[in-house]
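Two forms, one protein chain; structure tokens for each follow separately as structure 1 and structure 2.
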Structure 1
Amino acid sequence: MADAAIEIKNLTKRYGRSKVYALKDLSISIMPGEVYGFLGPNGAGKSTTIRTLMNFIQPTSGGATILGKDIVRDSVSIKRRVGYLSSDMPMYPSMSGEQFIKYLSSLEGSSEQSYIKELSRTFRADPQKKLGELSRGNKQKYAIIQAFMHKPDVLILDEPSSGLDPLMQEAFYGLLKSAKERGATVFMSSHLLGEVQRVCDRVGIIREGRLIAERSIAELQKDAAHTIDITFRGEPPLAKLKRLSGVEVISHDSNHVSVRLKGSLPPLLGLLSEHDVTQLEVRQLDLEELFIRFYKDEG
């Protein structure tokens, strides 16, 4: 089995003398070519994790490696092979987009100019306008271009599609797909659960600095319950529904019941066959609802 591209072991961070841990014993292994989504609300520890991986801040204890190199001791050599995008990337407001990319390209030294031009066309980036005059979304285009332009082996992205319109989001998803196809590893935080469901292979959910769940997208989809809306001609058999194993009644009124099915379907259908059902509608839960429910359960 290949070594992990990113290996986080018991990573812990506490700021100053605070009694609250921003990260506590975080351990994650991300394999080469994997797109890993890092989920959690604001303040959960996502950005702290990313800043620590980039060695902008140092861990209180524990540590991590990227491509087999220690994030603190080998920080300089790691950065040559990593594309990084922060949630609020600082830019030179008096530079044009073209000047900004040329400047970063000269510092990096190995970017292909033809590929940079291709990225600029893909994102419809205005090369002459000063960065300080650009909208949030147009600045984000340049943040994405600089992260991808040297075709890094690892991409560490903090809310990468924030501010992009739907068309540019599609362009970004295409870029992620291409990076994955050439073998790049992607670690990305996001609050857009639909985005994560679409582009990631696996997700980790963080709460108050601790990893509370880790699942593949396939596992989440397989384990997801179904919500079934049932309309009866008369009064629903509420008591019988509540006694069915694997069935949770989530709402009801005079002739309508919504249930969440976690078990097998035949027992529910058997019960319904004994009653006059006028309408039956099955709704597949999406990742967002599953995430919210899981987070409440953990709370």
Structure 2
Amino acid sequence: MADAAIEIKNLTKRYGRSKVYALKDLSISIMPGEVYGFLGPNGAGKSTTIRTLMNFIQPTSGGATILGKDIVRDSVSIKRRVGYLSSDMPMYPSMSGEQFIKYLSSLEGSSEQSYIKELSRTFRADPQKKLGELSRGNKQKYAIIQAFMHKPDVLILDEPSSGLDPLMQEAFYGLLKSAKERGATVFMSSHLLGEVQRVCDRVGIIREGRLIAERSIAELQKDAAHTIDITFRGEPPLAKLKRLSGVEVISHDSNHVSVRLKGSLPPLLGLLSEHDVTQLEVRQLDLEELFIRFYKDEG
């Protein structure tokens, strides 16, 4: 088995003398080429994890390695191979986009100018305008360019598509796809669950600094129950529906029922054929529902 590209082991973080743990015994292993989605509400510990990986803050105990190197001891050499971006990437308002990229590449030492130009074209970034005059979405384009410009082996992304319009979001997903194709490992946090479902191979859910669930997207899709919305002409056969095995009634009203189907479909279809059904809609369970359920269950 290949070594993990990112290996977080019992990572614990407490700020100052606070008794509250921002992270507690967090362990995650991300394989090379994997896109890992890191989910959790505000204050769950996503940004603390990312800031610790980037060595902006130091672990209280435990640790992590990126590409086999220690995040604290080997931080500088790690960063030659890591691209980082956050949703509100701090920039210098008096610099133009071009100056900003040039400045950061001068610290990098290995960015290809042709690739930077290609990225600027893809994101339609205005190189002359001062960063302080740009909208949040336009600033985010530069945050993306600086993270990808040196073709890093590992990408650490904190809410990466935040502020981008749908067209630019598509361009970003395309960029992520080509990074994955060349074998890059991606660790990303996001509030956009649809985005995570679309681009990630695996997701981890964090709550109060602890990892409470970790599943692959394929596994989730396979195991996911299906939600079916059924509209009847007249009153729905609630009692019969509740008796069917593998069917759970989620909600109902005078002529409508929503059920979650975990078993096979034919018994339900058999029952429905005996009644006057006017509309039937199959909704696949989405990540959002799963995310909320995890939080409710754990709460």
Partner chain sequence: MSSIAKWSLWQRRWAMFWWSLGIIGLIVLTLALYPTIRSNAAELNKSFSGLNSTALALFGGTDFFSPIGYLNSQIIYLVLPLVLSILSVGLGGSLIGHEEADRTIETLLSRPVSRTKLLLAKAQAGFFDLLLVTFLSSFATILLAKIVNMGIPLTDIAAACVACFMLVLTFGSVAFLLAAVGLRRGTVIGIAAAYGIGGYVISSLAATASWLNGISHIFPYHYYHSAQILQGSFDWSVIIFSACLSLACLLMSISAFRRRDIH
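Please read all numbers here as calculations on a predicted model, not as lab measurements. Only the largest set of C-alpha atoms that superpose within 1.5 Å between the two forms is called the rigid core. Counting starts at 1 and follows the sequence of structure 1.
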query: Matching structure (the form predicted on its own), either 1 or 2; finding: 1
query: Is_shifted Lys9 between the two structures (CA, 2 Å cut-off, rigid core); finding: no
query: Core superposition between the two structures, C-alpha change of Pro41 at least 2 Å; finding: no
query: Angstrom shift of the Cα atom of Leu261 between the two structures (superposition on rigid core); finding: 2.3
